[in-house]
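One chain is shown next in structure tokens, namely the form predicted alone.
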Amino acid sequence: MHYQGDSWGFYMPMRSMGSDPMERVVKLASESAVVIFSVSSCCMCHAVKRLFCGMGVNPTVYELDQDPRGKEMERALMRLLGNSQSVPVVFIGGKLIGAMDQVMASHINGTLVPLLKEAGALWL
């Protein structure tokens, strides 16, 4: 079930899946062209959502603080990133791009738009 909230793209309610949080993250990340794992009160999450929406991309956003197993998924994301910052985490075309710093670096060096086009999230 998709539903649109604010102007961030599509917010997806968490569905019941297997018990392994890493498997859950990988499955959710592969279901849309652009997926953002976020926490609703995080300013960096807000900024990355604004970036994509400003580019004309409608990301699928999973707000981990609104999921009963969101903390488990945050820990899985921290393991994927290899650091203590767990959100925001961006996947494009099912591939891990990373946290805000990697997304901004890709945007600045010109590699973000081609990734979005390749994933079918941008048609410019």
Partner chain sequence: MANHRVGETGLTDSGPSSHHHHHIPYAVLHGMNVPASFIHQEGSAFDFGELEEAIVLQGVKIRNDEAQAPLFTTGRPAATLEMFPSWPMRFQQIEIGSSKSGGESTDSGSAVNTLSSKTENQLEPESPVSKKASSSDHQAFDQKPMQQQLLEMASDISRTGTSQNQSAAKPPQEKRRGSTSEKQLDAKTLRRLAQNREAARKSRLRKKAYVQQLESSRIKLTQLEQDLQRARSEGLFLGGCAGAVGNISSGAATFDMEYARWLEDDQRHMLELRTGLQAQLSDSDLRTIVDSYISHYDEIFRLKGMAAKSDIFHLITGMWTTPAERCFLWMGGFRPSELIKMLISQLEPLTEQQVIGIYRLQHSSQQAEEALTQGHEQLQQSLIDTIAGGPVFDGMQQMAVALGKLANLEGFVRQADNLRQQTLHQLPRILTTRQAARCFLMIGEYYARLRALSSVWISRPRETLISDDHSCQTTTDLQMVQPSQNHFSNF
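All values reported here derive from a predicted model rather than from experimental measurement. Positions refer to the first chain, counted from 1.
Below: the form predicted in complex with the partner chain, not depicted.
Picking from 67-75, 90-98, 28-36, 54-62 the stretch near the partner chain in the predicted complex, with a 4.5 Å limit on heavy atoms, gives 54-62.
For the chain shown alone, C42 is a contact residue for the partner chain in the predicted complex, at least one non-hydrogen atom being within 4.5 angstroms. Taking non-hydrogen atoms only, M22 never approaches the partner chain to within 4.5 angstroms in the predicted complex. Looking at L81, you'd find every heavy atom of it more than 4.5 angstroms from the partner chain in the predicted complex.
Of the residues in 99-120, those that come within 4.5 Å of the partner chain in the predicted complex through at least one heavy atom are, in sequence order, M100, D101, M104, A105, H107, I108, N109.
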